[in-house]
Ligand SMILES: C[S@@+](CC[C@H](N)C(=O)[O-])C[C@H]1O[C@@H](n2cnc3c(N)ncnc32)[C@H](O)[C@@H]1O
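First comes one chain, alone, set out as structure tokens in the form predicted alone.
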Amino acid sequence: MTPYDTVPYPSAIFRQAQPERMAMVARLHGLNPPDPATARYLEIGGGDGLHAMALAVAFPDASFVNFDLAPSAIARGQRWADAAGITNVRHLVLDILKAADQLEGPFDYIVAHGVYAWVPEVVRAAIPRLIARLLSPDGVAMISYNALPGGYSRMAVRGLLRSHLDPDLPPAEALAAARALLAEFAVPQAQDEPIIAAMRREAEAMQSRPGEVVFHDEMGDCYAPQSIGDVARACAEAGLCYLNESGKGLLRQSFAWDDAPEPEPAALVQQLEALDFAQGRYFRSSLFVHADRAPARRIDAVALGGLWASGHLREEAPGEFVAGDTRIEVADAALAGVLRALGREAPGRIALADLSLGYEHLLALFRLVDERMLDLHAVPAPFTLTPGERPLASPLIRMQIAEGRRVVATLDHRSAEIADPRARAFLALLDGSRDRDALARDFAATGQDGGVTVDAALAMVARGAMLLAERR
């Protein structure tokens, strides 16, 4: 029995841990990673494995293994996989230390998300060894971790909680006491020194996190945030080389630009560590490959042109585009045309090879990825925007709806809330057995159609990246 069996950790999916994103980054560095659509994928400490199952549905010709130490989490994941009919994922109850020596591979993509900074030192040391032993020759691994210096303020507030709370309290009482302490401490005081002000901001942020996350992340026994230098050195000792980051906003930092020479690996990590301390970095999703792969530090132009792009963009005025909280003005007519097309196609993907863009335009698109305006992909979309004769929604989504869950995992690897009962009732019918006439009849029988036509409902579901393409 583990603490995660007593208080289950919330299920989640992580866009930065997609193998197609990891492959995209590797290609930009001139490497030749395995095709994500047929790859072998391993998730270390993946809890109930929702993330791996979301990938498994999108890439049915790939194989996935998720292991975790908590038996209840693995049992939950296996139950979901069985209910959804997902057969290309395995869930294993396994300890990281045993896996480092005993688990059989190889795997093309290996992910340790949210584990590295939250385990004892002996377990942390085993993770790079496990990855190096099991990673295929051209494979890519991701280790995410709470970074320094941002982790220092979190350590301080964790120390506050752990010093004030009775360790013998039952979980519900301990969490209630922690929330009360955080609320009291978060109130700013006029005489606050800078370090106390930073701790108060951290305490305020903690209050917005789910209770299960606070219980494990802020009150658990292990928390050791790492600098990128710490992680890169540990991986280098195991025979791995730092590649880049999988999260947005940091990709450009690991490439040489203009006339600058390509940095040596140790010098690059040193530069990145200095930037982290200058910018107060909190988190990294670092990618690694085998040391003998020697990634180039200038963007591979051919590889960039061979990717796919997507973006949820809208043009609010001629040449003025908005995506989320980011707004840009584009004077270049060709680039504006591409962004316009991406906005129309979203969430679909456009092959950059079909756009006949020059290298400077391709680089501009790459920069917009780091500005959180666009995504680049190593493979075409694993979903369809054009419903077939017998539309089929993701079986994982249908299983989540059957379980009464409002938040589902889409085929473009996002979390989407399906609150409308009409949408939930319609999605439940999309099991591939009904043509449009049958859908119209059965949708009406649910009493939830509300005058919405089948074609209109299918269009909304498709735009949510929830429909699988027909397999031939």
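Counting begins at 1, following the sequence as shown. For clarity, every value in this text was computed on a predicted model and none was experimentally measured.
The discussion below concerns the form predicted together with this ligand, not included here.
Exactly one listed residue, out of G247, G229, P295, G114, brings a non-hydrogen atom to within 4.5 Å of this ligand in the predicted complex: G114. Note on the partner interface in the predicted complex: the residue among V214, V123, L268, A186 having a heavy atom within 4.5 angstroms of this ligand is V123.
Although the partner is absent here, L160 lies well away from this ligand in the predicted complex, with no heavy atom inside 4.5 Å. Heavy atoms of L429 never reach within 4.5 Å of this ligand in the predicted complex, leaving it off the interface. A residue is said to contact a partner when one of its heavy atoms sits within 4.5 Å of a partner heavy atom; P33 fails this definition for this ligand in the predicted complex, lying far away. This ligand is not drawn, but in the predicted complex it has a heavy atom within 4.5 Å of D68.
Of the candidate stretches 316 to 324, 251 to 259, 69 to 77, 338 to 346, only 69 to 77 has residues with heavy atoms within 4.5 Å of this ligand in the predicted complex. Along 78 to 107, residues L94, D95, I96 each place a heavy atom within 4.5 Å of this ligand in the predicted complex.
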